[in-house]
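Take a look at this single chain in structure tokens; it is the form predicted on its own.
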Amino acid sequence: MYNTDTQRQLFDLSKQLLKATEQPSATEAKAESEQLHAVLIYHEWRYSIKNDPVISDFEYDSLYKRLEALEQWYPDLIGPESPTQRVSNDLTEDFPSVEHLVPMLSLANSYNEEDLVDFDTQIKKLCSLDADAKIEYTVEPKYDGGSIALVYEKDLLARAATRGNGALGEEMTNNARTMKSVPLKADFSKKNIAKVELRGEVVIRKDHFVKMNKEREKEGLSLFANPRNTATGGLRMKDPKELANRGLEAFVYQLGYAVDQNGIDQLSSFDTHFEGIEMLGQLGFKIPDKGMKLCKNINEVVAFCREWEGKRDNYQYEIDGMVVKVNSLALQDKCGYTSHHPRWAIAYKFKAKQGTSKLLSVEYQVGKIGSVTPVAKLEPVTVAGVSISSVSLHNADFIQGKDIRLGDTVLVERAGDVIPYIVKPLDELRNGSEQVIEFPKNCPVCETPLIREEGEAAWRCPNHNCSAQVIQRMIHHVSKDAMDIDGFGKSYVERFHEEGWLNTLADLYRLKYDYIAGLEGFGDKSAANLMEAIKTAKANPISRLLFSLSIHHLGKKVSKLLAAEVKHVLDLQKWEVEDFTNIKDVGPKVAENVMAFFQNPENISLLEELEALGVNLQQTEEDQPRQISADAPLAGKTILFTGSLQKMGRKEAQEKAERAGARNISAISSKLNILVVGEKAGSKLRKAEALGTVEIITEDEFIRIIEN
């Protein structure tokens, strides 16, 4: 849609327009508004279609507000294609039914590779082709979201509708306008198309879905079940402004109808389905280009479907299969349709990610800070090839919000094919024997009454000496992110606790290794390795020790910030709330929790005991804030590494860059100064070249810079 020169011009124009502050004349405002339309649409394309913004959110918002100001000063500038007109001010009271220009049919399904081979055989029969003929197919992701139809007339978005029953859908144009991946204007007229209906799927990025749920959890709101339900539910929200916050995106994957100004069909001007999709991409629509392939024969189709089934979890969006289509439109016409589906397309469905099971009981686990987590015990059910019998129910609000009951038949899903999750109970299957789940009032381990602090979802056991908490704190203490005691995992902690050797963190540092060597499954070598690992951990920087203490809300980042400010861990006894909150990124909640920990005499005794056993409590060189001189070779620069480095690992290179004064960032953007390119560099290199503002250097050049 945009070549390199055009992108550079629009980027430069954006920077110029950001400087505008005064009210211009009407003539000047018209010209400036046209420029703002162009740059805002470009940046929406970079952000929503390419997932690769080149300006910050603040800069985009500033350009948007400037256009709003111009339109407020000169209302005649407001047009339906203006970026400011995406979100309607009006609530939608209902969603009237509208007739699709062409029915939106379903797809036939296949569940194995043999079905795809049979599909190819059937296509050859329908098209009167020899059995050994090679048919070209397109294969693209089958997005798991909500289907939509978009109608454009005279280049402007005229209507959007849900799939509905295939013939009639619910009109939701105002909602579609809020999606920046849906162009308000597209130059179909340049293709001699006056009216067109497109097929698409509305989805939500997985990372955005996770972020939304984290925010909802903080606000005490019920969590969204999954990206698909959140997307389909969003399509029917009555307030477009609220919908805009959901971050919905629309992939367009089919030209369903296209005519010129005389009503003459224009689909026949294309030879292949692939041509039509490429045209839509050129016009600024979000198309499934990353997961789309033109296959020469059915064997390539099978291999591509198999490849994507293996890597679907790494894709940014939820997909539940691949869609296979005959590429030739002439052959599509020969194949025709049934009343249910086109004969020239089929959906290859991945293994099910959901299943149903019976909720048998609920067990309660106590964590390192006393949080009590309910765990559902299910009749074993296989989901995506894995047998599931235990699923976290998170907290009491989760159970109550979903109205989950003992004896319920529940819908189970594996989020990302990894973490099992209960989507909902199937309440229509209840027979009256189900029981409401009563969350315990006392700790299931030590019987201490549970507490729930204001603003938190979890019930907690306040007994610091609860045996379950003690074990979990020790497991956390030895973990990789904390003291990183190599080879000392959960099973060792639990076993040594059963032997009576571990009851406090200090016990970890006074183990009797001759006893360990005598345990079944151990030996002298195992005991010696463990002794060496514990000896090494004793010298850890104090940032690791602080994180290992299981202080509520104290994470790795703030542990490092605190370690940089004290010479000795026990110096924190003297700190007040202001001493903590004066440090950037340290809030009052974590400050209060750390203060409470260091004002507890038992905790101070524990730390003194650890120090007596040889555990370091003094600030190390690694704890100290890194001092970067103004003349450091990369002072003030941002840097990114891509491709395979040959002379050092990626982490080592990033550390060297930081020591040379640079700041590592994770993506190509206008904020990037230097891109270090290793072997087999891919899209990041191309994006940096397109920007034209990034210094691109080799690994050897990087080494020469930091060594000088």
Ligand code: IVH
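For clarity, every value in this text was computed on a predicted model and none was experimentally measured. One-based numbering along the sequence shown.
This next part talks about the form predicted together with 2-(butylsulfanyl)adenosine, which is not shown.
Original post:
Would 83, 246 and 285 all count as contacting 2-(butylsulfanyl)adenosine in the predicted bound form, using a 4.5 Å heavy atom cut-off?
Top reply: No, because 83, 246 and 285 lack any heavy atom that approaches 2-(butylsulfanyl)adenosine to within 4.5 Å in the predicted bound form.
Subject >> Candidate from 559, 548, 254, 162 lying within 4.5 Å of 2-(butylsulfanyl)adenosine in the predicted bound form - any heavy atom >> reply: Checking each option against 2-(butylsulfanyl)adenosine in the predicted bound form, the one that comes within 4.5 Å is 254.
**OP:** Heavy atom within 4.5 Å of 2-(butylsulfanyl)adenosine in the predicted bound form: which of 201, 120, 413, 623 fits that? Just give me the one.
**Re:** Exactly one listed residue reaches within 4.5 Å, namely 201.
Original post:
Just to confirm, residue 325 within 4.5 Å of 2-(butylsulfanyl)adenosine in the predicted bound form by heavy atoms?
Top reply: Residue 325: yes, in contact with 2-(butylsulfanyl)adenosine in the predicted bound form.
**OP:** Please check if residue 106 has a heavy atom lying within 4.5 Å of any heavy atom of 2-(butylsulfanyl)adenosine in the predicted bound form.
**Re:** Because a heavy atom of residue 106 falls inside 4.5 Å of 2-(butylsulfanyl)adenosine in the predicted bound form, the answer is yes.
**OP:** Determine whether any heavy atom of residue 141 comes within 4.5 Å of a heavy atom of 2-(butylsulfanyl)adenosine in the predicted bound form, and answer yes or no.
**Re:** The answer is yes: residue 141 has a heavy atom within 4.5 Å of 2-(butylsulfanyl)adenosine.
Subject >> Partner proximity in the predicted bound form: residue 209 to 2-(butylsulfanyl)adenosine, non-hydrogen atom cutoff 4.5 Å >> reply: Residue 209: no contact with 2-(butylsulfanyl)adenosine in the predicted bound form.
Original post:
For the chain seen here without its partner, which of 189-197, 581-589, 364-372, 133-141 has a heavy atom within 4.5 Å of 2-(butylsulfanyl)adenosine in the predicted bound form?
Top reply: Comparing against 2-(butylsulfanyl)adenosine in the predicted bound form, the contact stretch is 133-141.
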